[in-house]
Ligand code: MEV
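For reference, the chain that follows is the form predicted on its own, supplied as structure tokens.
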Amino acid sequence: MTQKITGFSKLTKAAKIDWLAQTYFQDQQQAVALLKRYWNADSKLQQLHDEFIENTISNFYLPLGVAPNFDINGKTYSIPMAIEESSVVAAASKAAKFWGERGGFKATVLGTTKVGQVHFTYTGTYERLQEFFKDTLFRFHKEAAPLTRNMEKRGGGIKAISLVNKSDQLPHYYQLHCEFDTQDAMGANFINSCLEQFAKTLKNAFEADRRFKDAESLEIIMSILSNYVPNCLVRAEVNCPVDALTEKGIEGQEFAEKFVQAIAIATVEPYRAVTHNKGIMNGIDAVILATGNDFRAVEAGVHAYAARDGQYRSLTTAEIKEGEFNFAIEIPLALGTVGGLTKLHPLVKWSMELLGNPSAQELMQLVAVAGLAQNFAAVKSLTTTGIQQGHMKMHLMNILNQMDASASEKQKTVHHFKTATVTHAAVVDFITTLRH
């Protein structure tokens, strides 16, 4: 049985690694060497990475790729994408080229409202609580003023605070539902600080209010932002005459009708919708990672939005109207371009400069376009050649690397599979034949 350890976090990095190697690995020297192999040669840069999280022992690299030639709102971008999955960057690039020849992408921010809540219980009458809330509302703003002053100078701050009664769903449960505008910051720390101040104001005002009887109690449960931001919304779209979709022997009308049907299936069938939206998130997450934003928060909020009417559905829509093909996405995205990793991680700063140092709203548009492009490429493949043909050719290099193929073997294999169907077994057989 593996031994447990106390005080692990207090050990030096070298001591942590030694303990892990001695406890879990047969070849201790190799285990240590592998971790050190991924350290950055620049000690200052490595220290920066070490301090991003706790108990750091090495770096875990993801490839950073670029999808060029994205025409968005009349401006051309090269979009950075950090992801480990083959074919994602290639698919985005193909979609960018396809729509660049047909008018490009259009994107619009529909809202920038972010949300946080103070959750509490209250045992008295709702009517008395409502009256108390109306009388106390000004204090929430006043007592949070030291926290909101700088954000207000930038045009953001608290947008609204409302009292919500949830006691019919959970006994005695109420909340302060709070809306914020955090401008170019993602705003998590700002929102959570405001919420904790609201909680103090609420509790102090309640205890000082003589309208409440001894039998009535108010207890703060927690104060936290929400990653569900249905009013921090962006729309991206493409459209062109149906005839302009004609390509490689496939008539535009036939392609458009089949494409629209595929989106309709993902709208009514949750099993399909999950995989459909996962493909969208391939593009979205890759850009979010490259720009130092929180892809887990975005994932949670986007998937909740996909199920906002009670059933999980496609995030994209498609239609043919008066001879015009229209394809669009609307998604909630709470992103930031200042603070956090955006100013610390050198490659994040590089990615931001590549994009022209966008505002948070511009970044929302770019990310939404990446998701739409990814979905277009996937559905286009599914309804024409099939998804595996392109994906497996992109995956070919991964298979060759698994087999430790030499440069010569890779060259011969790639040439062979230009005309042959790529499968794992077929590649193994071909390499085996080459080696014999």
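In this text, all values refer to a predicted model and were calculated from it rather than measured experimentally. Throughout, we count residues from 1 along the sequence that is shown.
The form predicted together with ligand MEV is left out here; the points below concern that form.
Colleague: May I ask you to state whether L382 is within 4.5 Å of ligand MEV in the model of the complex, using heavy atom distances?
Modeller: L382: contacts ligand MEV in the model of the complex.
Colleague: Residue-level question: is R313 within 4.5 Å of ligand MEV in the model of the complex, judged on heavy atoms?
Modeller: Although ligand MEV is absent here, R313 would stay clear of it in the model of the complex, with no heavy atoms inside 4.5 Å.
Colleague: Would you please decide whether Q261 lies within 4.5 angstroms of ligand MEV in the model of the complex, comparing each non-hydrogen atom pair?
Modeller: Residue-level check for Q261: no, no contact with ligand MEV.
Colleague: Residue-level question: is K94 within 4.5 Å of ligand MEV in the model of the complex, judged on heavy atoms?
Modeller: Answer no; every heavy atom of K94 is more than 4.5 Å from ligand MEV in the model of the complex.
Colleague: Where does ligand MEV sit in the model of the complex: which of 165-173, 199-207, 273-281, 94-102, heavy atoms within 4.5 Å?
Modeller: Selected range: 273-281.
Colleague: Though ligand MEV is not shown, can you say which of E269, E299, E179, E85 has a heavy atom within 4.5 Å of it in the model of the complex?
Modeller: Flagged contact: E85.
Colleague: For the stretch 159-189, I need every residue with any heavy atom inside 4.5 Å of ligand MEV in the model of the complex, listed N to C.
Modeller: Stretch hits: zero.
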